[in-house]
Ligand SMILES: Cc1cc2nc3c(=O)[nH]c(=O)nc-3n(C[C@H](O)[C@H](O)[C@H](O)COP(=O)(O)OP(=O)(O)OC[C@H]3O[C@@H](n4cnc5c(N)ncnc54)[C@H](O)[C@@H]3O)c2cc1C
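The chain that follows stands alone, in the form predicted alone, written as structure tokens.
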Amino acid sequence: MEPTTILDTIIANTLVPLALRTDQEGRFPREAVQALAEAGFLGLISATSVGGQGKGLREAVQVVSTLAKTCPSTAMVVCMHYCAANVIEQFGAEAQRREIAAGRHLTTLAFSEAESRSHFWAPMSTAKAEGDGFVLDARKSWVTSAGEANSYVWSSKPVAGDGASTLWLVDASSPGLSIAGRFDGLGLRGNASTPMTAQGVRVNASDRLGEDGKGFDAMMGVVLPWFACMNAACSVGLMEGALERAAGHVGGTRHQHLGSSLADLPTIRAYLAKARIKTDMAGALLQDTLSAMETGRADTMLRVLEVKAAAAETALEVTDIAMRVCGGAAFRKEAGIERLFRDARAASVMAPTSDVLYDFIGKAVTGQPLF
């Protein structure tokens, strides 16, 4: 069976029945993640030499976008897994890479902190040498899949090296890790995104991902491009889902006394046309960003900075249009539109926020250094 067919089957059999409950209960979509793991999607980007699928960012983007049409919470869990798995693929031990490739290991990023807020590249958490290992102390402000993942790609200040940060692979079962309750937010309610605290968490030298002090380079060169594209993919998929639902509603809802449907109204069609154009523009920018990365174009970093902000802000507009054209029906939970409307609000405030990215883009176009 082709990968797209397998994914469609998982969505139809598992994700669709689970999406409403995931949102209503703020429940982590364990069944969906397990189904994706068993079908090989957690090992999608793992190298074939360790048993993975050997795919790249373009394929990861497609998976995230497809999932987001039905359940953005699940899409974001997978997005963060791929981001962390990409770091582990480049710097981690073979045993851990094989576990991820086999679908037995869900991972995620633990970057954002209470002290540095959306400036995820500047951790305030510490890593200190102690005996034959190291001790981590931190207050992470938002960690997707907190309490659900098997490991966290964790940032800290360097132990002794120059640079802004060092990355570690922290086992979820490590003593000293704690989670600040259950996530109960406006949108993406199933992605278990909660604060985490590390108090005296011990790690070994073998748990360090890359060199001491070189975490910033990995964040900018490995994590940011993948996260920006997959976060944008989540927004684009979410827009597609909202448009699909809105078009289906206005086409199937009739004014019986007039013998016409809502789709017969020019104003409704105009709104949907605007939403379609905006969605296609965001999707085209995402595809161009992928092409820029694959060919090493000179404008690659500019595209990486643009794509998340553009898709996030466009998703706000498109889901607003979907709510408008469907009227009161859109407010009903079973329609799924108000859920996507709420889920769309997350990307613009997820680090790096749209406002932070606007500043970076402004610096780039005026020839100023980003940092």
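Values in this document were obtained by computation on a predicted structure and should not be read as measured data. Position 1 is the first residue in the sequence shown; the rest follow in order.
Heads up, the form predicted together with the ligand isn't pictured, but that's what we're talking about next.
Here the chain stands alone, but in the model of the complex its contact with the ligand, taken as any heavy atom within 4.5 Å, falls in 186 to 194 among 94 to 102, 265 to 273, 285 to 293, 186 to 194. Note on contacts: among Ala351, Leu18, Ile361, Ile10, the single residue with a heavy atom within 4.5 Å of the ligand in the model of the complex is Ala351. Residue Thr144 is the only one of Asn86, Ser165, Ser125, Thr144 with a heavy atom lying within 4.5 Å of the ligand in the model of the complex. No residue in the set Glu59, Trp226 and Leu238 has a non-hydrogen atom no more than 4.5 Å from the ligand in the model of the complex. Mapping the unseen interface onto this chain, Asp355 counts among the residues with a heavy atom inside 4.5 Å of the ligand in the model of the complex. Proximity of Arg117 to the ligand in the model of the complex falls within the 4.5 Å heavy atom cutoff. Taking the partner from the other structure, the ligand in the model of the complex has a heavy atom within 4.5 Å of a heavy atom of Ala110. Interface membership of Val64, defined by any non-hydrogen atom within 4.5 Å of the ligand in the model of the complex, is ruled out.
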